[in-house]
Ligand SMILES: Cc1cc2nc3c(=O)[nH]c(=O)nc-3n(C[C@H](O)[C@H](O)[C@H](O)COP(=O)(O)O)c2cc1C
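Quick heads-up: it's one chain on its own, the form predicted alone, in structure tokens.
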Amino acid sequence: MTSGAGCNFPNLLAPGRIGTLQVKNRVLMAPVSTNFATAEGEVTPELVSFYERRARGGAGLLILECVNVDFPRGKTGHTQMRIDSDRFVPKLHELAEILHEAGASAALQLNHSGGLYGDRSREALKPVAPSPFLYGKLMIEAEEASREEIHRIRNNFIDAAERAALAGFDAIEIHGAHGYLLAEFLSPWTNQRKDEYGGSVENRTRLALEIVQGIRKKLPCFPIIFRISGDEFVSPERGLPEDFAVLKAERPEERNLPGRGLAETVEVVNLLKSAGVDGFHVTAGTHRLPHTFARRAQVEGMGMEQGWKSYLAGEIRRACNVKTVAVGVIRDHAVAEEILSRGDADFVALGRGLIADPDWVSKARTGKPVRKCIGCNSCVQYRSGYGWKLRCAVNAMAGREYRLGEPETAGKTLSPRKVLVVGGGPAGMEAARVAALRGHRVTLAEKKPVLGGSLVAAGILEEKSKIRWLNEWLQGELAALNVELRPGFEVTEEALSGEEFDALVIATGGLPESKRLPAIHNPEEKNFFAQATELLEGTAAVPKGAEKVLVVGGGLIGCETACYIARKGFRTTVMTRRGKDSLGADMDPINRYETLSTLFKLGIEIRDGATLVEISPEAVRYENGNGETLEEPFDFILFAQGMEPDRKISQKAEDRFPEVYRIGDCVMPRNILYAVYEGFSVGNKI
């Protein structure tokens, strides 16, 4: 869907109000953790630049990432802003001032990690929660909070709100969603207390109510937003099958505890409304057990539809007569406008969408194409799992604004050069785009008849169709920048005869790995095997009459190919040398669990711990995990055993160029994040 001009989005671009706060439009930036603060919780230049860029892009209200009210036990990430002491007010005030100067209102989200402390931190401090359950991918048992601890944390929230107001912020958001401390108290899944803070809806809401009432007493008119999961989506049938290894860490008695559904959330919202909350930021899911659908409802993978959970905000808005904010996979302006026009929400919030394109709001006015978030979750995986600072697979500038100028302005070259980029995948297209933005004359050559490279195969599954957005956007940018495109052109010394270029960028991508192929009987009969990527790209097909297909390889390509084939009606088996619990291990966790759920639902058989020895048109011979050699007939075999660099460009062709750069999978096969970043870096350097 292509966004049109601003006149098509009258609701989206109209001003709105939350309590006493007038917001210039109906677009909020949802809070996203960044790891940009210092280890001690101070604001940094990169954090300021990141948010300032989103403010300049037109968002009406930025809700800044969850700020810790109780260091260190309330910490939610490797590094995180703090507001548990007056010493943090001066830097926070400067941040608020800069965001106001850039044209946006600003709010701070106040949070305590609760049972999720320790999931991303490497410190040994035990988490605290309403009840002593297991939490997170490290399955750490939380301590049950004492009444004294509860009261201390309550007072910390109240003091933090006062500091936010002193620092010049326009509002606060209290984080009561996604399985953090307040959400843990609100949920029957995690709150099994027998005192006044557990049991009934009123008792489970008590801590949140006391916080809101305490803030209202100190700040009678200060806008308060409460973030809440409209539905936690906690139910056993939404998890993965029992034989999936990660489930074995969960206590059996915890599996059938109910989560909080929409009807009970309405009760909670009515209580909080009466205490003085001005608006409700309605999300979904919870993060206690990361392998469940409840986690994927919180941070969606690629397969979720745009705006899928906005109905929750709508039901709460109508049932409780409150202002709501809808969030969740909102990528197109038209989707946002529809959510507002049908009355599901008063505002929409974008998190990952504004990481990918900080100008999302201003493009609603101009009609320029949006660089959409594709839902790959690199921003989550590398920040949460590895402790990196936030990075984006489609926007290499994200998080680097403080040290990199915009290519078309600060990076504009004074000496335009003639640049040849070889390879039309994400690395090559990004290199060509950035070099052209900087003023160079760019030619992009691709030996295949279409551009896209690995994006073509990666986006073939409907669940991963959002990957096509990146391909479409890059091609649109190249056309707008008048980059000379040469599809179906293989770069050789002869092909370049008579042409002169100042620099060569090699972005030829990867090829299916050939080193691990088994012995093949009758290889001339090529109709019984192919590479999985050939099938996904459309250059190979399962022959007519075939029924039983074997996919060799249990990584990302193998799992996705198996799903694709099974949906075509073939009886599909995946063979992997590793155990079943390593299936899709090279994927980000959220999309991995989504893919594995599909894999199991489709009834795809798994031959794990198996090593392929030999194939022929009649049968496959392999060794199982017990060292036995077995034979099994298959009609067609697809190899998905990884990729290796494509380095086939001739040395003679390279020698014609004074400068040569290599980027992307032709250096080492990796993923979109690396390809786009290296393309951006080289385009910015030439």
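Throughout, we count residues from 1 along the sequence that is shown. Nothing here was measured: the structure is a model prediction, and the numbers come from that model.
From this point on, the text means the form predicted together with the named molecule, which you will not see here.
Asks: T292: heavy atom within 4.5 Å of the named molecule in the predicted bound form?
Replies: Judged by the heavy-atom cut-off of 4.5 Å, T292 is well away from the named molecule in the predicted bound form.
Asks: Contact between V69 and the named molecule in the predicted bound form at 4.5 Å, heavy atoms?
Replies: Contact with the named molecule, no.
Asks: Can any non-hydrogen atom of V266 be found within 4.5 angstroms of the named molecule in the predicted bound form?
Replies: Flag for V266 set to no.
Asks: Does the named molecule get within 4.5 angstroms of any non-hydrogen atom of E52 in the predicted bound form?
Replies: Close contact is absent here: in the predicted bound form, E52 is far from the named molecule, nothing within 4.5 Å, heavy atoms only.
Asks: Please identify, from 508 to 516, 321 to 329, 537 to 545, 361 to 369, the stretch that has a heavy atom within 4.5 Å of the named molecule in the predicted bound form.
Replies: The contacting stretch is 321 to 329.
Asks: Exactly one residue in H333, H175, R288, R433 has a non-hydrogen atom within 4.5 Å of the named molecule in the predicted bound form; which is it?
Replies: Partner contact (heavy atom, 4.5 Å) among the options: H175.
Asks: With the named molecule left out of view, choose which of H112, R438, R352, R607 has a non-hydrogen atom within 4.5 angstroms of it in the predicted bound form.
Replies: The residue in contact is R352.
Asks: So which residues in 28 to 44, when you check the named molecule in the predicted bound form, have a heavy atom no farther than 4.5 Å from it?
Replies: If the 4.5 Å heavy-atom criterion is applied to the named molecule in the predicted bound form, 28 to 44 yields A30, P31, V32, S33.
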